[in-house]
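As a starting point, one isolated chain is supplied in structure tokens, in the form predicted alone.
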């Protein structure tokens, strides 16, 4: 089973009240090294077998048409999840 990760973020010019709320609370918890927070969304799509270029293309189209609101959000990445071995180097013992 392969997994595709789609990340969507609000456009830079759009207000991000959730990110602002998180930023307001970080210093209260002792995290004062951060200067900003933007909150986005992550989707995980699974497919049978390994992730192919066709799967990634379909996921990118789905991201633009369904998973994001193109008026206020940008699809920032559509990638095969490396945790599933998609980007792992081939095992020389299996060759």
Partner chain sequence: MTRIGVITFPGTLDDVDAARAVRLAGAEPVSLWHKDADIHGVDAVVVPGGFSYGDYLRCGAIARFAPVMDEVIAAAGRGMPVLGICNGFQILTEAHLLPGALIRNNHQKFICREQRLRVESTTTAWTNLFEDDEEIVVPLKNGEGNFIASPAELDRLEGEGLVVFRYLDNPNGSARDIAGVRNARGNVVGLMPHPEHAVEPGFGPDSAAGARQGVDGLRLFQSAISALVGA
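Computed from a predicted model, the values in this text were never measured in an experiment. Numbering follows the first chain given and starts at 1.
Note that the form predicted in complex with its partner chain isn't included here; everything after this is about it.
In the predicted bound form, its partner chain sits beyond 4.5 Å of every heavy atom of residue 12. Looking at residue 52, you'd find every heavy atom of it more than 4.5 angstroms from its partner chain in the predicted bound form. Among heavy atoms of residue 29, none comes within 4.5 Å of its partner chain in the predicted bound form.
Within this chain, residue 21 lines the site of its partner chain in the predicted bound form, having a heavy atom no more than 4.5 Å away. For the partner-free chain shown, 65, 66, 67, 68 of 48-68 come within 4.5 angstroms of its partner chain in the predicted bound form, judged by any non-hydrogen atom.
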